[in-house]
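Only one chain is shown below, in structure tokens, and it's the form predicted on its own.
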């Protein structure tokens, strides 16, 4: 099975990190191709960055569709452009935010999200409400660290993520942690061992779910909300 993982931002180092995490998470026999949205913003930290990233990301989705991919993973925790991607794709499309939330509900009663910057919180809050998972979320916490600092693994970024993880468990009463940034992927195993709870990162969750959808022969519905857009060429 061929799976396309797209980083909606233009950071080449972050795309490389996402590619490594995706390859590590892929099941045997899964062929993974990772692309970046060159031309988009260097990171996605709030609605403006997300809106600017969507056209570039959709180009990568369309290219992968033409190449015959059997599934897409959008590697931004905001699930940037997810609905639009599903409209133009026949293969299943999974966002790492939605995937991580659903996986967390299968291993814990309530989870908390530790993300990058406060600007991301309204987007994540809206996504949780739309997915019907607000009641399962014990809290949303921002480490106050830019996405690219997280991806670089600076000591300050790691300390802030650990601080908010501890607060989410001890203060918010979470039973599991969802890491709310693709750049946090490599931290999941270490934090899980340190804090003694499930720590879900979205790239592995997204790969797992899109692989399962493909194995089940499921494709994106072309009826209703995800129907293929009508052409609007000028007469």
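Here the structure is a predicted model, which means the values were calculated and not measured. Positions refer to the first chain, counted from 1.
Not pictured, yet referred to below: the form predicted in complex with another copy of the chain.
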{"property": "Every residue of 19, 38 and 164 near another copy of the chain in the predicted complex, heavy atom within 4.5 Å", "result": "no"}
{"property": "Contact residue in the predicted complex, from 108, 142, 158, 137 (heavy atom within 4.5 Å of another copy of the chain)", "result": "108"}
{"property": "4.5 Å heavy atom contact, residue 10 and another copy of the chain in the predicted complex", "result": "no"}
{"property": "Touches another copy of the chain in the predicted complex: residue 175 (any heavy atom, 4.5 Å)", "result": "yes"}
{"property": "Partner proximity in the predicted complex: residue 61 to another copy of the chain, non-hydrogen atom cutoff 4.5 Å", "result": "no"}
{"property": "Exercise: residue 122 in contact with another copy of the chain in the predicted complex, heavy atom 4.5 Å", "result": "yes"}
{"property": "Sequence-ordered list of residues in 202-226 near another copy of the chain in the predicted complex, where near means a heavy atom within 4.5 Å", "result": "204, 205, 208, 209, 212, 213, 215, 216, 218, 219, 220, 221, 223, 224, 225, 226"}
